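One chain comes next, on its own, written out as C-alpha cells in the form predicted alone.
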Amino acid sequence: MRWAEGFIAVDWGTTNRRAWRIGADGAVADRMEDDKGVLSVPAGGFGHAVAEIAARLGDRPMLLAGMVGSNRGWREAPYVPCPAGLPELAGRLEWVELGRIAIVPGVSLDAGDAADVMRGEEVQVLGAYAEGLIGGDATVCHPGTHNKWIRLEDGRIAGFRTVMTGEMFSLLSGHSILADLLAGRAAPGPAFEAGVRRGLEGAELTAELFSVRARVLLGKARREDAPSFTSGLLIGADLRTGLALAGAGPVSVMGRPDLTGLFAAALALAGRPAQELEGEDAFLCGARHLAELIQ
C-alpha cells in the first residue's frame, strides 16, 4: 500500500499517545487518544501496542514520532544534528518494517558546551514552516513539560534550548512545601502578571518560590493567587532564557491552547508580540509533509 493512499500518524509521548488516520486527500478520517504512553508499554509489548492502533484506525502505513523513538521506546531512532529540516528527518527515518512502519528521529544540539535534544516538537515546528504558518527564519516557543525555545534559519532547526518549566511546576505542585497552595489552576490576571514580572526581572528563583508560602502565611498574598503567581514566576524566568536565543520580531507559541495562552500573555508583558498556533494542527502538517518525502 502506497503512502499517498493514506497513512496513520502517531504522536507517542511518555504518558499518552495520539493517532490519526490521514486519507489520500490529506484530511483526518479518524483519530484515537489514550494514556498508553511509552512508559506504560511492557518490555516486548510495542508490537502489540502498534497492532492496537491498526485495529482501531485501519491497515495503513504508520509514521511514529515522539518518545517512541527514544531509548525508552520501541526502537531508538538516532538524533539528527542541527541544522535539521524535513528532508534530513525523512532521510534518517528508523524503519521498523521497511516501507511500512517508520519512526521519526529527534533532533540534537551538540556545540561546544551546549547539549540538548528533542523528540516530537521537531515535527510540529517544521510542519508549521512547511505549511507556511511560520517563516523560515523564526523563533518558536513550545511550552510543555519541557518547554522548547527553537530558532529556525532557512527553514531548518538551527538551535534550541530546553527549559524544565512545566516539570518544575508539576513537582512543586505534588512534592514540595508549596503543594497545598498550588492545587488550583493558573490563569492570566494580576497575580500571574506579578509573577511574570518578578521572573523577568531576574529574581532569585528558589528564594522567590519559598516566599510564595511566606507571603500567604503573613497575609501579604491571597492563597487562591498562589498557582497563578507561581506559574508566572516560572514562566517569566523561562522567558529570560528563551528570549536570549530569540531573534528580533514576533515569537510563535505552539502547543496546547491552555499553555500557549499563558506564554503569549507573558510575552506581551515582555514587550514581544506572539502568535499562538495549535500544536496538533502543526504536528499533522509535519506528518503529511514527511509522508510526501517518503513517496
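Throughout, we count residues from 1 along the sequence that is shown. A quick note: this is a predicted structure, and the numbers were derived from the prediction, not measured.
What comes next is about the form predicted together with a further copy of the same chain, which is not displayed.
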Is there a heavy atom of Ala183 lying 4.5 Å or less from a heavy atom of a further copy of the same chain in the predicted complex?
-> no
- Partner contact for Ala237 in the predicted complex: a further copy of the same chain, 4.5 angstroms, heavy atom: yes
Margin query: Just checking whether Leu133 would be counted as a contact of a further copy of the same chain in the predicted complex - the rule being heavy atoms within 4.5 angstroms.
Written below: no
Quiz item: Can you check whether Arg215 is within 4.5 Å of a further copy of the same chain in the predicted complex, heavy atom basis?
Solution: yes
With a 4.5 Å heavy atom cut-off to a further copy of the same chain in the predicted complex, the contacting stretch among 168-176, 136-144, 183-191, 92-100 is 168-176
When a further copy of the same chain is considered in the predicted complex, the residues of 76-104 having a heavy atom within 4.5 Å of it are Tyr79
